[in-house]
Ligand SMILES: Cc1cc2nc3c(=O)[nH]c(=O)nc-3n(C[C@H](O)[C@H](O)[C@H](O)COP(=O)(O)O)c2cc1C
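Take a look at this single chain, the form predicted alone, given in structure tokens.
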Amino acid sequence: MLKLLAPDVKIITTQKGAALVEGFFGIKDNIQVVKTGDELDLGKGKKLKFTEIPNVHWPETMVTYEEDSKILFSSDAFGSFGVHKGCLFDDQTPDINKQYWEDEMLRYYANIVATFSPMVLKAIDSLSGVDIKMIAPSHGLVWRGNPKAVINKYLRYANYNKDFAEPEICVVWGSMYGNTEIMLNAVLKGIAMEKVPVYVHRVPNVDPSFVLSDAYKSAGLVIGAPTYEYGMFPPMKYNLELFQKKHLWYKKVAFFGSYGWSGGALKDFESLSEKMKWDTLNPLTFKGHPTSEELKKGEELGRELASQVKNIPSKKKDENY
């Protein structure tokens, strides 16, 4: 569209970006390839400096720093999901909307960037010596009041899959005939006894992006899934495949589920979680409707998980928004 509006426009991009422009749009002319350390003098005291930050989150991603105003145009880095609610800047955002942006930023990170957390840390390190007065990502808030705050948030997110995350529990469950749901209530009762924050998502009712966000930030994870045709309930299996892809590592985990003829859901759970660096409690599976003794075990399972999770130190700190 930009090329149609301004046919003579010069496209400035990385080597990988130039290949994409040619591959998707057939454009080869009037392209200037830049790399880390290159500069572009715009005149009148305005100079751009480029730094490549590959895989945050695309291979061709780079940031652009304007030296006079000290603005970092950060592309997808430090971005967010979410709809602007009358304010573009962090220092204009009322307190009532700040939790919304925290949630949407984490949801963006967990779904889009989490796989590439080592690259995020490397990118932040490469920018450590730059005097940044404002961060303007491609989407989300523009950070001019306290740009260091969003950098600290990204550092926190990037470290969530290097160790156990926040002392909270994300419960993800699905039930076909209500039997797994009955056990869910027992597990939640046990968690409540330890007074640990908990997020509960039913699949497939809840969009996976929200499930992934809460699961990513929580040190504790509960998976409740019945067996379906000798395997795991398909919507739950899809969510676990996302967890695997997005590197939701280092979790304290409890698994439970109902079965009819065989416990295939547990087999899929063990296969999908094998390399996830999870600390899994003894799984609780039961045939058909859970007995009172099995419900007691479910309550104990929830309480044991919560007791372990609540002793994990929080990584949150005063980031001054």
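Bear in mind that the values here come from a model prediction, so they are computed numbers and not experimental data. Numbers follow the displayed sequence, beginning with 1.
Below: the form predicted in complex with this ligand, not depicted.
Original post:
Out of 244-252, 136-144, 104-112, 228-236, where are the residues with a heavy atom within 4.5 Å of this ligand in the predicted bound form?
Top reply: Comparing against this ligand in the predicted bound form, the contact stretch is 228-236.
Subject >> Proximity of Trp278 to this ligand in the predicted bound form, heavy atoms at 4.5 Å >> reply: Looking in the predicted bound form, residue contacts with this ligand do not include Trp278, since no heavy atom lies within 4.5 Å.
Original post:
Does this ligand come within 4.5 Å of any heavy atom of Gly178 in the predicted bound form?
Top reply: Gly178 belongs to the contact set for this ligand.
Subject >> Partner contact for Gly26 in the predicted bound form: this ligand, 4.5 angstroms, heavy atom >> reply: Gly26: no, not in contact with this ligand in the predicted bound form.
**OP:** Consider Ser262 of the chain shown here, and say whether it contacts this ligand in the predicted bound form, taking contact as heavy atoms within 4.5 Å.
**Re:** Because a heavy atom of Ser262 falls inside 4.5 Å of this ligand in the predicted bound form, the answer is yes.
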